[in-house]
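Only one chain comes next, encoded as structure tokens, the form predicted alone.
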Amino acid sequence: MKDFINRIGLPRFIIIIFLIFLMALAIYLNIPLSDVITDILVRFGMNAILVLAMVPGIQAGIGMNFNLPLGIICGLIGALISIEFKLSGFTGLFVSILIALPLAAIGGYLYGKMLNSVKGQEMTVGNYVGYSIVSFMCIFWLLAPFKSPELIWAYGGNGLRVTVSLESSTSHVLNNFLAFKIGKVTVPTGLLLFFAIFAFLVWIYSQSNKGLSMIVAGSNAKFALSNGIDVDKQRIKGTVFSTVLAAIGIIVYSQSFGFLQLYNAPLYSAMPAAAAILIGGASLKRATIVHVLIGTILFQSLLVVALPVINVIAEGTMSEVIRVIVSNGIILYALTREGGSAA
């Protein structure tokens, strides 16, 4: 047992035991486990690419990319343009991604150039830049020249709505694609396959010569320089890759959620993604697809199972309070960890 705990890590062992306890409590309280499992699968699929966006940044040596809002805003712009031109279904989804990709690549490149001038302070600067970009975009959303009645305020007013419905465009496109039931559990096949594709692409790149050069540059800059690797260039590549994945991730998240959330919403994306990958066993120097899988499943499962259990116990009066305590507690724990596992 001691060897098993050491292998998976004591923090993850405690989280798993706590999760099992919550599941048992849910069964005791007659909460439908089929609904809980379905929600876990959906929440995993809708959040996993945003967590995956942390991997290239860590591998390239910039640490946690707390400026995920930069990529997220690029993704939101792509989705808004798609709605403006009345595109729906997979057409709307892929057009949103195609518009977001060049925006995210350019933004990531400029951000990467900036990070190269502040080495050692990337996460602090990332937070600051993220807040600055979101604040600037709050002004942009008020002045953006969109005309679709689905985007602008219904009764006059200036700018875009805070929350934009995707009901007539891309809502649940991936969730419903090839979805099937196992008993009463619905498996969102399209959502999971879409994540699997990008996880595979990240893995393939990390096994290539260029990917290995990026990983070496991130883990040991002096060794990389001695072998002729341009460390600054590799850091920029990792930043661009991370920003692009964030743009795709928010489009996937939004279609599953059914809404686009503008203005201050992008601020709340980086911390949960960072917490999830750290819980999965990553560190500030090392991250893999396995860490993304484990961390996202544990993080989202805790949120999904804890809320209905507490809701039943407290008769609906504590659900929002507990949601904040659980999610922020996990984030606080994760961000104060000193290292990761060897998984």
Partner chain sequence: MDLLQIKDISKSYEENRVLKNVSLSIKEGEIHGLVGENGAGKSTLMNILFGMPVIHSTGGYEGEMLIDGKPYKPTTPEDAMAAGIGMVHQEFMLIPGFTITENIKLNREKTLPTFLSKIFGNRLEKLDTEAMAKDAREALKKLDMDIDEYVPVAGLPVGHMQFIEIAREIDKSKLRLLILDEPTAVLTESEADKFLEVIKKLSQMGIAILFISHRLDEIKQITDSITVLRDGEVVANVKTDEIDVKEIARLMVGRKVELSKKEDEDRGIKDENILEIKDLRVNMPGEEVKGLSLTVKKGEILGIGGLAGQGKLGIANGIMGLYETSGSIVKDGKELHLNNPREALKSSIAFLSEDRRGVGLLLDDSIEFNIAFSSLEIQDNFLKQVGPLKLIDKKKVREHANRMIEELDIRCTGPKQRARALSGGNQQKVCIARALSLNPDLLLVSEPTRGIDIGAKKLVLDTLVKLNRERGVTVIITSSELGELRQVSDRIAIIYDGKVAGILPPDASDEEFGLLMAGEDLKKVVN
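In this text, all values refer to a predicted model and were calculated from it rather than measured experimentally. Positions refer to the first chain, counted from 1.
Absent from the display: the form predicted in complex with the partner chain. The rest refers to it.
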{"item": "Non-hydrogen atom within 4.5 angstroms of the partner chain in the model of the complex for each of Thr91, Leu151 and His172", "value": "no"}
{"item": "The partner chain in the model of the complex: contacting segment from 174-182, 100-108, 199-207, 251-259, heavy atom within 4.5 Å", "value": "199-207"}
{"item": "is_contact(Pro145, the partner chain) in the model of the complex, heavy atom dist at most 4.5 Å", "value": "no"}
{"item": "Ser226: touches the partner chain in the model of the complex, heavy atom cutoff 4.5 angstroms", "value": "yes"}
{"item": "Residue contact check: Val216 to the partner chain in the model of the complex, 4.5 Å heavy atom", "value": "yes"}
{"item": "Contact of Leu212 with the partner chain in the model of the complex (heavy atom, 4.5 Å)", "value": "yes"}
{"item": "Partner contacts in the model of the complex for 176-192 (non-hydrogen atom within 4.5 angstroms of the partner chain)", "value": "none"}
